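Heads up, the chain below is alone and in the form predicted on its own; it's given as structure tokens.
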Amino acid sequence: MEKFIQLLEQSISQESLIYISFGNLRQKSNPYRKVTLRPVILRDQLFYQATYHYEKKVTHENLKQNECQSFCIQLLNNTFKQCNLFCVEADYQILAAKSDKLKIIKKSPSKTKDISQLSHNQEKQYLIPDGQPCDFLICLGVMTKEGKVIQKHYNKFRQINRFLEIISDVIDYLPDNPKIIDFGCGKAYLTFALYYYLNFKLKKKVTIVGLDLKEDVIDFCNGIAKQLHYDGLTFQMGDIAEYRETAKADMVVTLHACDTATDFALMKAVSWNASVILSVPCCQHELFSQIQNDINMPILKQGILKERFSAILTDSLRTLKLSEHGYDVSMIEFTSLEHTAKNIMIRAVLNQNTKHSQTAAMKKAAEEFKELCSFWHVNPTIAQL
């Protein structure tokens, strides 16, 4: 242990330490499986950030420089059998099957120290960056003419960029000149962002239609689109359930369409064989009055729990119905919970192999859908698919 202590003292005092990783638990019952340690700069001071890796989460603890050595010794003595020390001059592997008998293996350095990486609050690289003027963000009041994001709209700015990150993940499933429908577009921050990203950043000749019920909103959005010469972007007033103007869409977006409006949007997307569907459901009230199950009455008798479970069940049934119709479906986080509770997105991509034949997975999804509906005594709108 003395050699390990000397190695720690040297790397910490000379600030040559890049990264430490502890693994190979002494007791399998330990709640976290791994601990890593790296130097970070916080408020212009050097700290060491410990990261505890649990099965389904990570937690962090910031240590002062004089606390780092005793922290590492305690971990190697009591919790882990192995430690890997990455320093500027070399890599060190410490094997401690018995804490009183350590073996240290020295290797050539595999990592280099990057001072720019020490900042705990590194600036995120956005697809639409802060500091560069963006025409639609300026017109919508999110950004100044100089390109600086207005502080009170920063959450919206982050949401826009998160949306574009999701779009970048599914872009390969769309044709070169995609047609897109945005149901319930509202003030259309994300609709404008989508057009800007596809048309100007990726150079695709995109056609986008935004649909909403509010006439003043539609007039406002059409005015902005005309002002910016976004010729492929138009907005129409109308109800999702009654919209029949197009016979095809390559992608359907429906963000925060209320209650069963989401279902009608999904139905139309499937009927058009849309390659991509992005949906953030909102206000899932339909099943609240239908749901019934004697076994789960202790849950259902609590209104707030019943409401939350109804939303979960609604979206689960939606994903099954989409899977039944040949879509590969995943549920992802759209925005952080600190900004809105409505942060779950249904992302569905049409599996081209299922276009002309029903697969075992599709049949299984159909069976699971029926079983869930029967178990909870519900008949959701999405069943009309």
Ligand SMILES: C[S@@+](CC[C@H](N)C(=O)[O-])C[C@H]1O[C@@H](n2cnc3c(N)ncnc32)[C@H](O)[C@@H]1O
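Remember, it's a predicted structure, so these values are computed and weren't measured experimentally. Numbering starts at 1 and follows the sequence shown.
Beyond what is shown, the protein has a form predicted in complex with the ligand; the following relates to that form.
**Student:** Taking a heavy atom within 4.5 Å as contact, would all three of Glu324, Lys363 and Pro380 count as contacting the ligand in the predicted bound form?
**Tutor:** No, the whole trio is out of contact, none within 4.5 Å by any heavy atom.
**Student:** Find out whether any non-hydrogen atom of Cys185 is located within 4.5 angstroms of the ligand in the predicted bound form, and reply yes or no.
**Tutor:** Cys185: yes, in contact with the ligand in the predicted bound form.
**Student:** Could you tell me if Pro178 has a non-hydrogen atom within 4.5 Å of the ligand in the predicted bound form?
**Tutor:** No.
**Student:** Indicate whether Leu213 is a 4.5 Å heavy atom neighbour of the ligand in the predicted bound form.
**Tutor:** Yes.
**Student:** Is Asp239 part of the interface with the ligand in the predicted bound form - any heavy atom within 4.5 Å?
**Tutor:** Answer yes; at least one heavy atom of Asp239 falls within 4.5 Å of the ligand in the predicted bound form.
**Student:** Go through 76 to 84, 253 to 261, 169 to 177, 225 to 233 and give me the stretch that gets within 4.5 Å of the ligand in the predicted bound form, heavy atoms only.
**Tutor:** It is the stretch 253 to 261.
**Student:** So which of Lys306, Arg162, Lys156, Lys113 gets a non-hydrogen atom within 4.5 Å of the ligand in the predicted bound form?
**Tutor:** Contact residue from the list: Lys156.
**Student:** I need to confirm a contact call. Of Val142, Ala249, Leu313, Leu190, which residue comes within 4.5 Å of the ligand in the predicted bound form, counting heavy atoms only?
**Tutor:** Result of the distance check: Leu190.
**Student:** If you look in the predicted bound form, which residues in 282 to 314 sit within 4.5 Å of the ligand (heavy atoms)?
**Tutor:** Going through 282 to 314 in order - heavy atoms within 4.5 Å of the ligand in the predicted bound form - there are no hits.
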